[in-house]
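For reference, the chain that follows is the form predicted on its own, supplied as structure tokens.
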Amino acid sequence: METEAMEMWLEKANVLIEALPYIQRFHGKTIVVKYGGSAMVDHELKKDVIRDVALLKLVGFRPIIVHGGGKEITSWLARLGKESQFVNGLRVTDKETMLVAEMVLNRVNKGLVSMMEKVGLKAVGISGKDGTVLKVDKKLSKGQDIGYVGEVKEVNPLLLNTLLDNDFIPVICPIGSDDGYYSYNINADDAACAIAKAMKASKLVFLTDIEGVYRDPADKTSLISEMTVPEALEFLDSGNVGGGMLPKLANCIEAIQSGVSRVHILDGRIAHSLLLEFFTNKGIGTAIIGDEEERYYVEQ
């Protein structure tokens, strides 16, 4: 029994030793986490994500959370007897839908802040309208007007830097304003990408309902653990990318080309996926890095 107990404690020590170079490397660095998918709906997964963020903060990372809420918006619209409409994957957002979206996203936002404060974190929930963090232009979908849907044209980092410098975690819902200060709904992936670029983040993470990028989507053994931007561009041109992965991978490439060091696509349905990707040698998702960046994973 004593031998088994010692082996268990040694295994725990090895986990900490494996994490050490990553903690050293990214201590004091800003990371942006786009929080969405099942990890926002399943209560236990939600608690796991919050605990992961707490640990990242306590070991010296500077996290910014950007969350979605599409499923909640659809649910509340249905309760009001309003059918959700989508054009090319984007929600058609008339004035009534915009009002519901803003209320629902702010409700989700404050819920996340409360969960963070319960584990001892200092968090502040804002929308992109606060401090004019997210300025937008109207976004068209292949030339079609889809209402109050915004495309980020400018990020004002002043409020975010103020919060980070005072030890707060910014929790941001993707609502922005145009030059006339009208509210616009923003795709959360796009908002996270724009914020990561403006903050010169060391990491941008997409928590999703997919395992990562596969060379062959039908072959679950073909997960790509790491890609450079040239490799990712070649992969996009190959025609093997489809569905929701296409814009997500394009966002990853754009972020890297704009100065973000590393972008991760993770399966948020896996408990503690943030820690497994950040602090282990193999990770569990797909990391995209710049062509000049050294490989992420430490070889043993």
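Quantities reported herein were computed from a predicted structural model and do not represent experimental measurements. For every residue, the number given is its place in the sequence shown, counted from 1.
The following text describes the form predicted in complex with a further copy of the same chain, which does not appear among the structures shown.
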Next on the checklist: I'd like to check something about G131: if you look in the model of the complex, is any of its heavy atoms closer than or equal to 4.5 Å to a heavy atom of a further copy of the same chain?
Outcome noted: yes
Checklist entry - Does any heavy atom of L80 come within 4.5 Å of a heavy atom of a further copy of the same chain in the model of the complex? => result yes
Checklist entry - Quick one: does R51 come within 4.5 Å of a further copy of the same chain in the model of the complex, counting heavy atoms only? => result yes
Checklist entry - Do G180 and a further copy of the same chain share at least one heavy atom pair within 4.5 Å in the model of the complex? => result yes
Checklist entry - Which of 85-93, 195-203, 113-121, 137-145 has heavy atoms within 4.5 Å of a further copy of the same chain in the model of the complex? => result 113-121
Item to check | in the model of the complex, the residue from N187, T208, S127, T74 that sits within 4.5 Å of a further copy of the same chain by heavy atoms | outcome: S127
Checklist outcome for this item: Applying a 4.5 angstroms cut-off on non-hydrogen atoms, the residues of 197-223 near a further copy of the same chain in the model of the complex are none
